[in-house]
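Given as structure tokens, the chain that follows is alone and in the form predicted on its own.
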Amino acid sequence: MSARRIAMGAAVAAAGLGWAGLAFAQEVVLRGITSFAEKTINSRGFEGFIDKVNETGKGKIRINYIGGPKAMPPFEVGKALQGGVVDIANVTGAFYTNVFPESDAWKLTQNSMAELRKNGGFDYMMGIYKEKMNAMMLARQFQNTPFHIYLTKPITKPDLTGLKLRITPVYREFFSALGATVVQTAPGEVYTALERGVVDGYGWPTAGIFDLGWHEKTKFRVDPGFYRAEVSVVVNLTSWNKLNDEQKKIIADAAAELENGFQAVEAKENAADIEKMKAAGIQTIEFKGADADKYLKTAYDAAWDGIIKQSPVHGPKLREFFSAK
């Protein structure tokens, strides 16, 4: 283990009583972290979830909110959750493909979480979570928010040749298939990369660029949207299994409320940010007809090919569960 990770683990453990305090206190304290900037759209649902757990579970269970990327780099959250450095996290699967490559398939779900819970897709995925990450998903917040390409330069067709685009694993195969040069960075580095011309654009969901200030350097949004954003609350299984039934119910009820209630928030935020983009002068480049069909087919084919290459056993089964019938 690197000295940096040891120091990080010590710092995170020191931020809360954690499991070490169980012998001295009845109240269980879980260490919680978000992989996104605090109080932005990707973290606000989790912050509300924490408030709900702490209010309902007073004296029984509490989540100590450590914070966001300033406390831990986003791409290290999955490993920290797997090893129990943190107990519960607000994170997207794209940030922990280094631990669990199949997690990137969440973006390709064309069925709702309710449908996945009925058709066996959710349970199948939870089996892989247990095997590879020692974790379990409690709630998926975003279900109906598409991703877009945002650019500083215009394009006229589904071709990114000659452009440098910032990515996470969400877009790597797709943007590469369209000819882009891809650069992976944490969200906190995107503004500077745009400002300095290190990248010509980036992928991101419909809502959120105003929270991060990226609109100041963005000139164009490409439609139609593709995939669906996924930000979820994930818990370490060892930590979960130490809870009693009452404590588990407090967390599970808050998670269900978050998953079921976030869709209205999601729709409102998306509509508001579309209007803000118009007001900010961000122009829409919209592919139609054959160009739109090619664009979306490339998006899904490239992504599924990448997942199946990484996971030849689980990938085809996930595609069957996740694809619309």
Ligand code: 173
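We number the residues from 1 along the sequence you see. All of these numbers come straight from a predicted model, not from anything done at the bench.
Not pictured, yet referred to below: the form predicted in complex with this ligand.
- For the options 96, 106, 204, 227, the one in contact with this ligand in the predicted bound form, meaning a heavy atom within 4.5 Å, is 204.
- Contact with this ligand in the predicted bound form, judged by any heavy atom within 4.5 Å, is made by just one of 254, 72, 234, 231: 231.
- Contact check for 36, 42 and 170: all three have a heavy atom within 4.5 Å of this ligand in the predicted bound form.
- Among residues of the shown chain, residue 187 is one whose heavy atoms approach this ligand to within 4.5 Å in the predicted bound form.
- When contacts are judged by a 4.5 Å heavy atom cut-off, residue 100 does not count as touching this ligand in the predicted bound form.
- In the predicted bound form, residue 221 stays away from this ligand, with no heavy atom inside 4.5 Å.
- Although the partner is absent here, residue 166 sits close enough that one of its heavy atoms falls within 4.5 Å of this ligand in the predicted bound form.
- Partner proximity in the predicted bound form, defined as non-hydrogen atoms within 4.5 angstroms of this ligand, places exactly one of 126 to 134, 149 to 157, 76 to 84, 196 to 204 at the interface: 196 to 204.
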